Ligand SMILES: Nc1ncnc2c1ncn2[C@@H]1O[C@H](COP(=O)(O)OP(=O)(O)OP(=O)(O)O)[C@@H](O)[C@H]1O
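So this first bit is one chain, no partners, the form predicted on its own, shown in structure tokens.
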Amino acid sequence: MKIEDLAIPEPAKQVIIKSGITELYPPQEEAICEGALEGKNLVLASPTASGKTLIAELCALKHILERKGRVLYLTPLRALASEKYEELKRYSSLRKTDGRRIRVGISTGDYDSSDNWLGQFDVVVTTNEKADSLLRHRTKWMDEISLVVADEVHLLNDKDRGPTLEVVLARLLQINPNSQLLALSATIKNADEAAEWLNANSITTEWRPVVLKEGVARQNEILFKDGGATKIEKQSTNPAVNLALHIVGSGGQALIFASTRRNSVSLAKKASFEVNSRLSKPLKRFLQRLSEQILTAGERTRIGDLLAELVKRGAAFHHAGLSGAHRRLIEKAFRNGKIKILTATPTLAFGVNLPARMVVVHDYRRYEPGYGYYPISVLEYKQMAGRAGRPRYDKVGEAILLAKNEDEQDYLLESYVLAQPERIWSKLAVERVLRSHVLATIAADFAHTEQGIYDFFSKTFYAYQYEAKAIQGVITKILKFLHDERMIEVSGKDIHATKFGRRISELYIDPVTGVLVREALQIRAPRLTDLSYLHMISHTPDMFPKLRPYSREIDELALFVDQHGSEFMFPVPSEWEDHIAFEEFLGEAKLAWVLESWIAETSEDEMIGKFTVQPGDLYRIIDSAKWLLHASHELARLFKHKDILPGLSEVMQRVQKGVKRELLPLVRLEGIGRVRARILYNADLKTIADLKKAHIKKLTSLPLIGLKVAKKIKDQTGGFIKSEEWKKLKKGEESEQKAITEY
């Protein structure tokens, strides 16, 4: 089926054809035949790169251009949301029947907002959590949604992200029963069951645009799924690197999945030494420039320095510990074929689209603290294997597992290569998970009786897979907790949220977090400091990621806790009576110490050395802290703790910027972060008034304050620059830049 034959407006066809797509893949054609463009609900389960996104785009165009509809596009991760947003923006040139262009919006943060401004967009891309937050705020424009696209719907099986996706889909079907639902998934065993729950047609296919060869490598030989075998020349003592070098030698790229961050870095180091001699001179020049970009993207750290060094040699690593800027640079260079070998942790398999000619699964086991090593699921393996083969570039993609002996080779062939992905199961009926969703059902006025709550949850995937009664016991227990903690009120059969309960739901925090913060703000610490607030939020279940204390840190952390005992809002557990609780408290104290160091302007590199916390983790901790400090501030306002509002507000701003108190006025300026603000302050430019009066030559003479930044400072502070002086400075900078380029 050709694009030009589709029942969509002609201008939309032209945009797609200009992008290089002229005809549909078989799964896409099947989706059209199943009624995707006629408004039928559909679950499309097919491998990575089989074209699921295009079906979503076609349906979206149909709704916007012909039905005056609105589209909600759900993704599990912020990185995926950004990727889909960029893809959808290519349709922005198209005009609707009213003459206005299609508008695409994105929102992935700020859970305490109804975001009514999103109502101006025809397509809104969000994470599942943001959509849940918008539903809790009863955002008006969500009632107008005519198409819901749920990407990566197999993550219903995920214990952390699955329940939110499940509740969001059930809620959207409740408020928009006539809307179309398009659920996109990896190949799963029970896609038809998910389709029945969603009242949808189901399409499951193994078709891929690039042939996938799966196999197991042992002793420099790959045994493939079809019984064939290939001998590999031994170029490296490391089996994973050896496979990567083999594929690079044939003009391809390799993606190696390692079980841990440490292993991914170690493998990247080994690969970089081996692949360097195989790079062309033009490629080496490009990689040198990329290396310099990495060094100047954000604060300089040892992890950034290492990444920059490896990139020069044609290899890189990718994991959650990297800063967002570094991850984006690596992803772009790998997509463009410049980085030849990329090592990554498995989270990449569920994230952004980075295909390679060969995927090597270095270790099929994962380590879980408290549980030891355990084999990964077939679904996780298939997700990683699905990255093999670049559409339009490769005819064949290879996904290879590594075996140490013949028995392990047989096990991997049978248990992964030849196996089918597992069924997905709802993870909703866990009290910790379900608690906030039950409260939200009441607080957002989706149900006002106990039976009404049961009725809503009887429409979830969990109730479909088991039975409605199976979840009622957990809900009853949660309702008792919410009532005891004064989040809901009961009058006869009617149930309503209190102001406290409603605010907890809107703030998108666990009710247990709300109770802990309420009690902490009431009882207070004997000595209230910044650390008091930072530890308070670190003590809550919503603080993520948690930091575990390493054995070498125990004594230092115990001393830190002892020295700051009067500043904690919660009692310190006895080391001897409850050792586990004591170690958990040390982990919370470590988190608070990390945040305290951040607002004391400790550099990222120093924090890596002192706390073994990497930039990516640090930014996630900061994001969690900002959110929880905002929530604490709102609860303090609700309970009229006026005396602590200024302190909470200030520490929230300092966490956001990573600065001491005196830099707050400076970091409010656009383009001025913690490093530039400290440079300005140390140059005796301490206030906005100082900056307004400062001569522009003084500003440009300071480190990291170039002409553009200086001009931006002057524009924001109301400072005046003479026209002649500006021209002279600009000319001088251009001459200097030209000299550097020529050199």
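Note that residue numbering follows the sequence shown and begins at 1. Computed from a predicted structure; not experimentally measured.
This protein has a second form, the form predicted in complex with the named molecule, left out of what is shown; the following refers to that one.
With the named molecule left out of view, the stretch that reaches within 4.5 Å of it through heavy atoms in the model of the complex is, among 683 to 691, 42 to 50, 696 to 704, 63 to 71, 42 to 50. Using a 4.5 angstroms limit between non-hydrogen atoms, residue 387 touches the named molecule in the model of the complex.
In the model of the complex, the named molecule lies within 4.5 Å of some heavy atom of residue 21. Put simply, residue 353 is close to the named molecule in the model of the complex: some heavy atom of it is within 4.5 Å. Taking the partner from elsewhere, residue 37 is found to have every heavy atom lying beyond 4.5 Å of the named molecule in the model of the complex. Checked against the named molecule in the model of the complex, the residues 604, 214, 166, 152 give one hit for a heavy atom within 4.5 Å, which is 152.
Between the options 281, 552, 642, 392, the residue in contact with the named molecule in the model of the complex by a heavy atom within 4.5 angstroms is 392.
Looking at 510 to 538, no residue comes within 4.5 Å of the named molecule in the model of the complex, counting any heavy atom.
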